[in-house]
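As C-alpha cells, one chain now follows by itself in the form predicted on its own.
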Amino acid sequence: MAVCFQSQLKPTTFFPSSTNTSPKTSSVLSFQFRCNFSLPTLAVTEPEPVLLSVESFAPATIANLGPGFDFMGCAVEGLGDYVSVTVDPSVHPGQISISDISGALPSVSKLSKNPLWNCAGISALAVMKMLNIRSVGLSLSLRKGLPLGSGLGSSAASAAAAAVAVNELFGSKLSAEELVLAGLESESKVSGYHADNIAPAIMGGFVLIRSYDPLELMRLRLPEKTNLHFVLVSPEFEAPTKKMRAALPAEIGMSHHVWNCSQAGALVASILEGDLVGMGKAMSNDKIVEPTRVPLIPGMESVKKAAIEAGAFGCTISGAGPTAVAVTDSEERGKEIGERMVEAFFKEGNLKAVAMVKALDRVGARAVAKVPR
C-alpha cells in the first residue's frame, strides 16, 4: 500500500481543519498541517514564490534490479504520477492542504488527504521545511498514474513529483540530492529508509546509492545509443512492500554474499558499458532477495522462465513486486516476450496480467506546466 504513515519525527504543532484525524476519515476531508518536520532548514532566508502554480511529473521506477537490493534503481519512461502545487491565500501560511486526489485506478480511494499520511504531502512539507517557508500556504493535488503495491515505485513517484513542484515554485533552490532527502522522509514511512526508488524518480536514469549516512548518490550513465527496453508485466495481485520485506532472511551465508556482490558489480559494469546481455544476466542472478519473494507471487518462477525462453536477456522482480521486469534490445521482441510472460502468469499463477514495453527515463521528475504570478 502506498499510503504513508505518520513520521516518527512528529511535528510539534499542527492545525487540522477537523478534529477527527484518524486514517479512516482523513481520505474524505481536507487537512492543513504546519510544515514542521525535523529536517534541516537549508535556506537562510525564506524565498518568495516565483510562480503561482506548478504541475510536475515523476516517472515509475524499477528498484533493486536483481542483486542491487536497496542500493540500485532506474526510472522508466511513460509511466508515473502528476502533482500540482498552487500558492493558496486560503491556506494558513506555512501550511499545506491536499485538495484533490484522482486517478483511473480504484486503489486511489485508499489514499489520504491528510498531508502527514500521504506520500506527496510528507515530501512537499519536507521541502517547505528545508526552504524555511513560513509566509505562504500551498494547496496540492495528486493525479495517480501508478497502481499501489505494484513494484513500480508508486509512493516514490508521488513524493518525487511533490518535491520537485514545491522546489520549482520557489525558484529551484534545492539540488537533486536535497530533494531526494525530502523524498526519503516520505519513503521511510512506507517501507524503510531506502532510496532505490526515490533517487531515480527524481534524478532519472540509473542511480546507485553509495551511502545513506551521509547520503551519497552516483549516477550510472548508460551510453546514449544503447537500445534498452524494459518489458514490464503487472499481474492483478497486490504485493505490499512491508509484507515483501518481512519475508527477507535475517542472515545470509558468506557464499551468497560474495555471489551477490559479484553480480552487483557485473550489473554496474554492464550498465556503464551498455552491455544489455551482461545486464540481463546479472539482474537474473540474485541469490538473496528474489528467492524469498518469488514464492509469494503466484506464477513468478514460470514467468521468469518464460521470459528467458522467449529471448529476454534477463528477468527479475521489479522492486518488491508483483511486477516482473525483463530486459531486451528490441521493442518488437519485447512485445513477444511480454505475451509469453502474461500467458505464464495466467497458466501457472491464475492471474491476469498486463504487459508494457518501456524505455529508460533519463530525465527524472520535472515540471510540465507553470503559471506565472
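Owing to the predicted nature of the structure, the values given are computational and were not obtained by experimental measurement. All residue numbers are counted from 1 along the displayed sequence.
The following text describes the form predicted in complex with another copy of the chain, which does not appear among the structures shown.
Contact with another copy of the chain in the predicted complex, defined as a heavy atom within 4.5 Å, holds for exactly one of S135, T226, S262, S109, namely S262. Interface residue among E177, E238, D100, E273 relative to another copy of the chain in the predicted complex, by the heavy atom within 4.5 Å criterion: E273. Heavy atoms within 4.5 Å of another copy of the chain in the predicted complex are found in one stretch of 164 to 172, 114 to 122, 89 to 97, 212 to 220, which is 212 to 220. For the chain shown alone, G278 is a contact residue for another copy of the chain in the predicted complex, at least one non-hydrogen atom being within 4.5 angstroms. Put simply, D70 is close to another copy of the chain in the predicted complex: some heavy atom of it is within 4.5 Å. In the predicted complex, none of the heavy atoms of G78 sits within 4.5 Å of a heavy atom of another copy of the chain. At the 4.5 Å threshold, heavy atoms of A266 reach another copy of the chain in the predicted complex.
In sequence order, L248, P249, A250, E251, I252, G253, M254, H257, V258, W259, N260, C261, S262, Q263, A264, G265 are the residues of 236 to 265 having a heavy atom within 4.5 Å of another copy of the chain in the predicted complex; the partner itself is omitted from this view.
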